[in-house]
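To begin, one chain is listed below as structure tokens, in the form predicted alone.
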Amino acid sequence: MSIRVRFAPSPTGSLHLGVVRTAIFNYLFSKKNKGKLILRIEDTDKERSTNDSFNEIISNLSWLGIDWDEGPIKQSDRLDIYDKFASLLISEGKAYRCYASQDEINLLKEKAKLENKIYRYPRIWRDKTERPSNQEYVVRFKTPDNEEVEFKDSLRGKISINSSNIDDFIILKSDGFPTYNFASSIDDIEMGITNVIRGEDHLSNTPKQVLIFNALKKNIPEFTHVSMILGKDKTKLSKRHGAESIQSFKDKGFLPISIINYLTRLGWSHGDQEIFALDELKELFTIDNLNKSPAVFDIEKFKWVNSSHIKNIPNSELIKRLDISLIPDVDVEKALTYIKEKSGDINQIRDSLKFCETHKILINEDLLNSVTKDQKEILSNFSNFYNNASPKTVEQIKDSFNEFLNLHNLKMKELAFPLRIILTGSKKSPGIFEILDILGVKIVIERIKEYC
């Protein structure tokens, strides 16, 4: 049987790390098994779902490189399908219309609270046959009494819960929109989903969904409820742990493969290997290697993974991601090779390359004033010496630089510090020999003359 999985986000906000990790697991699982990934948008929460959130989901998944085979399919476009299945369940005596008003329900909840009891809907309309006219109703599933609801979880084994612990839950709201458990089950049936890979926070929903599968005499998918992601203090992951939306990490200069690599390793392993190419993950990923223990998010390790991938990224791809143009005289290959070795993210690389984007650079007035008259004289002398030497390799650059220092009895910082400012407009930049190699003799002489 062909593998079919789904990623089903709700367009009610930005994609957070836990949700994206399940998208990655589904994506890798489908690729490994030559199956299909369906993108389903669970937008039945009318008040919170937005087009902006939907567009951000699509944009971020595309940026990550998580491509889907079918979809995006919006649940809000499938209301007639949910209504059809609800009517079928009603006709078979497996669901019923409940005309209890919200005020009645609230009173029952308040009564249970006063009596220090757990509220359960008392099945007021379960066996009634009348249909009050012009009165709103919801459709409730008729949960069977004292029945073992069983399903298999690939990480946790066989799970069983007695139906007496499950309420007659709502499957269709009064506005015609389905509840999460009903829509999810019907969609999984209609879309032929064979494997459901999602967070363990959905474990409590699974028995209700299994009841719906059973009531409709449909095959139950194999479930995999992956562990939660915790902060280093072992509490629920939040922004205070450094965990933000995927859009935020994109804005901060993280590479797509770094995000996929790091999130995959949160709960999955392949020996001690930490850094993976995407093709490796597609080949190696298996559900068997998932860990049911909670994974711990570590922002510093995340940054390390990103810096490792930056070092490995081909310069031809890197320059495209940077979306910048360097002046023709600059050796682009050298510039990227030098700078990415010392950069932790794309933004750092982009900032470090600013001195290569234009012939004339802008230097902050305070920074420029920090170069003394004596230092300007040293730079002018160096300009003449360097022009005559015209070194071609970094080794020749080092030799020329050191020869000048020895001739003038100077220390390294006496020349390197003002030269760095004049050449880059910054106190922070690649090493001085690397700067000279990147710019070439012509631009070095131009900039010294411009400011000295």
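All values reported here derive from a predicted model rather than from experimental measurement. The numbering used is simple: start at 1 and walk along the sequence shown.
Just so you know, the form predicted together with a small molecule exists too; it's not on screen, but the next bit is about it.
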query	finding
The small molecule contact at K340 in the model of the complex, heavy atom, 4.5 Å	no
S14, heavy atom within 4.5 angstroms of the small molecule in the model of the complex	no
Proximity of H202 to the small molecule in the model of the complex, heavy atoms at 4.5 Å	yes
A8 within 4.5 Å of the small molecule in the model of the complex, heavy atoms	yes
Partner-proximal stretch of 144 to 152, 177 to 185, 286 to 294, 323 to 331 relative to the small molecule in the model of the complex, 4.5 angstroms, heavy atom	177 to 185
Selected contact from H309, R265, K208, R198, since only one has a non-hydrogen atom within 4.5 angstroms of the small molecule in the model of the complex	R198
